[in-house]
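Two forms, one chain: they're shown below as structure tokens, one block per form, named structure 1 and structure 2.
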Structure 1
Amino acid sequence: MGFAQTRLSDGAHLFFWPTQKFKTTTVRVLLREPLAAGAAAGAILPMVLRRGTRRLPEPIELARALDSLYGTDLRGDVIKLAEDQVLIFHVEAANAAYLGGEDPLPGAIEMLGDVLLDPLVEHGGLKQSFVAQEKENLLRRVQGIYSDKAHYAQMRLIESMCAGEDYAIPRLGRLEEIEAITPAALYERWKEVLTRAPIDVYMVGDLTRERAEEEATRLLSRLGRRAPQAPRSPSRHPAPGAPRRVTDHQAVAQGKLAFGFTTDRRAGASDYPALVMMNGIYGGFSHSKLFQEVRERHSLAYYAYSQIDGLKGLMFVQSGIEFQDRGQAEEIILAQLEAMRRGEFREQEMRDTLAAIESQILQSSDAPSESIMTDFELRAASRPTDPSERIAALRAVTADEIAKAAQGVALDTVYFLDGQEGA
């Protein structure tokens, strides 16, 4: 698997994977913007725009048009990429080879182009009823984070650890931002996004390179003059002093103990694969030290795992525990990191971790959407996109290099979501 790259225009590129592996052709447009530009507005834009266009102003009309294109799928979403927010617009159409020669892709491309470049505008703004409905939907999504206590604990850990940094801004923005969104302001924001955001068009399917370039060019043909900004490198989080300790109290049945660490390397560095291996042995999988020691051996956690954000150079640990076990759980979680620093892990742990990561890498090409996002995120992190190259780099990592990677991890913040005081 490999994506070929073509420049379409200023700040717009096509990434194309010709394959007969799937029965569909997937087109995904990704626009990368700083989170600080307004995360809530960014999160709502794909949802509003996909509801209707000037040519198809009502959701029912758009749905019928998609059905007429053999059930073409049209979606929107956002992800967080370090200190940026990525707006996602997606269509997936049936491969013409399975339809007796009829090809829904041109119609799907035209519809996606309408969503991006010919939205439904009234009174100088995006349609008011669409905006109002999607504000309610976004409000429920953000409130859902507060109900999902594991997700909430991770959000609060990052807010506390990275206060004052763009990285602290949640993917969907904050509750107080949502109410301030207006149709006119949202439309102005969208025009700014189209002017300044880098645009990556991904295509996966049974297409020639020439056809892919033709369709991508047609997709963006109505895009006006642009002054795109180059993606920024994430700011470096300052080295920690004494670990910060933050405790919240809520009416919860289970405590959430979370840790934030800095690392001495970021994705793209030649020694980054050692950090990937270290994280895998420490807490990335069910065979890892955190799961085996904290959950299985000592029965202290319902779950315990670690993860790294290579773009930002941070590592996080999450665990769900009984309130009274906080001290012992913290001691054992940090003790496992100390063991990693001393090189106290077995060759079998390295083999199991390598096999698990290799499996993840190879599975990333099993679905068009996953293959697209994997390629996009690897390019953003300046990491090799070729699976065999990444696997070879991981296989070359030694035990000493893994221990050295652990030695470069420093505790910054400990967060605990406790029960109600006095309860």
Structure 2
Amino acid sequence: MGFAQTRLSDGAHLFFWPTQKFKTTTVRVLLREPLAAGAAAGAILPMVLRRGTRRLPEPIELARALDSLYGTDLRGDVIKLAEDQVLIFHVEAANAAYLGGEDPLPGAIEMLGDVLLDPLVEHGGLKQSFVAQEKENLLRRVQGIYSDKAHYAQMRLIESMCAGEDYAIPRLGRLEEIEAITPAALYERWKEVLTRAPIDVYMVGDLTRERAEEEATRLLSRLGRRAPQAPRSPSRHPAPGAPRRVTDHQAVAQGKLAFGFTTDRRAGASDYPALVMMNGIYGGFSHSKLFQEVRERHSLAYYAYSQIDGLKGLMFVQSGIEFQDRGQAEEIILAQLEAMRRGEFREQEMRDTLAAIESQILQSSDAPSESIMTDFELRAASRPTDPSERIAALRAVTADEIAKAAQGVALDTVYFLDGQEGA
């Protein structure tokens, strides 16, 4: 498997994977922007543009057209990529070979093209009622994070740890930004995005390269002049001093204990695979030290895991525990990191971790969207995209290199979501 790259225009590329593995054809357009350019506006754009186009101005007409195209899935969303935000426009249609009816793909791509390049414009701005409704929806999505305590704890950890850095800007932006969005400013922003953002068009499905290139060219044919800007690499988080401690109180049944660490390397560096192995042995899987010690040995938690953000060079740990177990859980979690630093892990732990990561790497080609996002994120980090090359780099990592990666990890912030005081 692999995506073949074709240049479409300035800073716009097609990444195409021809395959008969899937029964759908997926087209996904990714536009990368700095979070600092206005994350709330970035987050609301796919929501507003998806509502209606000049050709299909009524949302119900657009929804009915999609259903008639055998339930073609047209979606917009954003993800956070370190200090950037990626706007995603996605369409997926069933392959005509399995339908016994007409081919939904041309209609699906046309609709995606309309959403991107032929939006509904009135009085020099995006349609006022769509913008007003989606501001409300975005507001509720942001408020909804508070309902998901694990997600909320992670967001509060990053907010506290990286205050003042672009990295602290949440994926959907901040509440106060949403209020300020206007239809005219949003339309201006969209035109800026189309001018300056790198545009990656991904296609996965059973079509020829000629057809893929033709469809991609047609998709972007209405794109105006471009002045693409290369993405900047994220700022460095300063070296931590004494650990910062932050505690919030809520009427919850379970405490959430979250840690933020700095690491001494980033994705793309030659010693990065050692950090990936380190994270895997420490807390990436159910055979890892955190799960084994916190859950299996001490019965303190249902979940305990670690993860790394390779672009920014940070590591995070989270576990859900009883309030009164906070001290013991922290001690165990940090003691396991100490053990990693001293090289106290068995060859079996290295082998299990390697096998688990290998499986993950191979399996990422089994779903269209996952294969696209894996390729996109690897390229964003200047990492190799070829599965066997990635596996070989991990296999070459030694126990000493893993311990050294752990020695480069330093605790920065401990966040605790505690119960109500006095409750």
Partner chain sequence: MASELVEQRRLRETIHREVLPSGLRAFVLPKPGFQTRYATFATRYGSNDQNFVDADGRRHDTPAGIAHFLEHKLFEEEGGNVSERFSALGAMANAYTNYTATTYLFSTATEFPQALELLLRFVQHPYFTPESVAKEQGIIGQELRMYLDDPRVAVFQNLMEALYHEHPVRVEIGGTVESIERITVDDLYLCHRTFYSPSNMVFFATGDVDPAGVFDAVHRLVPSERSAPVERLRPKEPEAVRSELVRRAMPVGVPLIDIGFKDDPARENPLEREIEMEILLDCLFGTSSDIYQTLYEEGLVSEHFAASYFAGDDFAASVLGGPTPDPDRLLARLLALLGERCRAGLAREAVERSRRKSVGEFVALFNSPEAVAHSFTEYALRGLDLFDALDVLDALRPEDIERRLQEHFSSPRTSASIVDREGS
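All of these numbers come straight from a predicted model, not from anything done at the bench. So that the term is clear: the rigid core is the largest set of C-alpha atoms that superpose within 1.5 Å between two forms. Numbering for residues begins at 1 and runs along the sequence of structure 1.
Novice: Between structure 1 and structure 2, which should be identified as the form predicted together with the partner chain?
Specialist: Structure 2 is the one predicted together with the partner chain.
Novice: For residue 163, is the C-alpha shift between structures 1 and 2 2 Å or more after core superposition?
Specialist: Stays below the 2 Å threshold, so no.
Novice: Please check if residue 104 moves between structures 1 and 2, taking a CA shift of 2 Å or more relative to the superposed core as movement.
Specialist: Yes; that C-alpha moves by at least 2 Å between structures 1 and 2.
Novice: On a rigid core superposition, would residue 154 pass a 2 Å threshold for CA movement between structures 1 and 2?
Specialist: False for residue 154: its C-alpha shift is below 2 Å.
Novice: Relative to the superposed core, what is the Cα shift for residue 94 between structures 1 and 2, in Å?
Specialist: Between its two positions, the C-alpha of residue 94 lies 2.5 Å apart after core fitting.
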